[in-house]
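First comes one chain, alone, set out as structure tokens in the form predicted on its own.
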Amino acid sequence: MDVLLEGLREALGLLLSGDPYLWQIIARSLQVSGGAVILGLLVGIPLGTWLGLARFPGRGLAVALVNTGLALPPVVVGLFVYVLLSRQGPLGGLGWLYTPSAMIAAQFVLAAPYVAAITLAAVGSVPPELRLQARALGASRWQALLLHLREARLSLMAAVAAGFGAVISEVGAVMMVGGNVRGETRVITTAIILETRRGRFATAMALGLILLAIAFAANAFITRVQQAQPRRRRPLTS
């Protein structure tokens, strides 16, 4: 209990003091996780939408593969990305290993399945008659699709929250491909491991509390956006 209280005091002290080391770690964490989530949305939403609406041979296998991505071990993803980006790997020429770019790539692999799976479920929960009615009233295929996604927008916000939650607290993959280099690739989770190994438990606890605060703030914002959206469907005709 004393360690927890001391960690809380130190967390407040570090934040209020404007410690550049701490704020650099926080900024790097948000840069890496934010970039990974954005890429995950760019890939996961179209993929989930396609799987949710399309019907084709092998769809069940494709859906199973996406859902399996929810259980990807971060260390396995880190190993996979490490091999790809190593000097002997097919992408070694990029020179990304032990850089924030490699960390974003690893976390993108973790975030995309969450976004795709939740988008798939969200799109599938909207009655297909909605698109048919829109097409009957003269809407184009893209307009009907946008209407379908609009009806699923509240659930799509949950995809954002799930993707961010999957990566902001992740440590295995970023440690493997980033190396925890001070001033370059050190993020909150890897800093917690380092401080714990050094026996600086109060500092590690302070970083942990800051990480929880970031996760809470992000999810509180997403929840606020969800609750601010009208739940009534707009009529298709005036």
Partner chain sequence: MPPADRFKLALALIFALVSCSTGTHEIVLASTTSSEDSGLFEALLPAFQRAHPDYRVRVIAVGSGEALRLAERGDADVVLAHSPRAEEKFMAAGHGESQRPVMFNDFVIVGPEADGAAIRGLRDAASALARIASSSAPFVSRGDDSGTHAREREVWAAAGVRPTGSWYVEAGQGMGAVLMMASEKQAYTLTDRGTYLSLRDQLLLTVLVEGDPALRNQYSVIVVRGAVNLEGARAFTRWITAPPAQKLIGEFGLERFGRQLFTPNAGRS
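Quick caveat, the model's predicted, so the values are computed rather than measured. Numbering follows the first chain given and starts at 1.
Keep in mind that the form predicted in complex with its partner chain is missing from the display, and what follows is about it.
Leu97 is the sole member of Leu145, Leu79, Leu97, Ala158 with a non-hydrogen atom within 4.5 Å of its partner chain in the predicted complex. Exactly one listed residue, out of Ser169, Thr203, Asn180, Thr49, brings a non-hydrogen atom to within 4.5 Å of its partner chain in the predicted complex: Asn180.
Contact with its partner chain in the predicted complex, judged as any non-hydrogen atom within 4.5 angstroms, is confined among 116-124, 80-88, 102-110, 67-75 to 80-88.
Arg197 belongs to the set of residues with a heavy atom inside 4.5 Å of its partner chain in the predicted complex.
The shortest heavy atom separation between Met175 and its partner chain in the predicted complex is within 4.5 Å.
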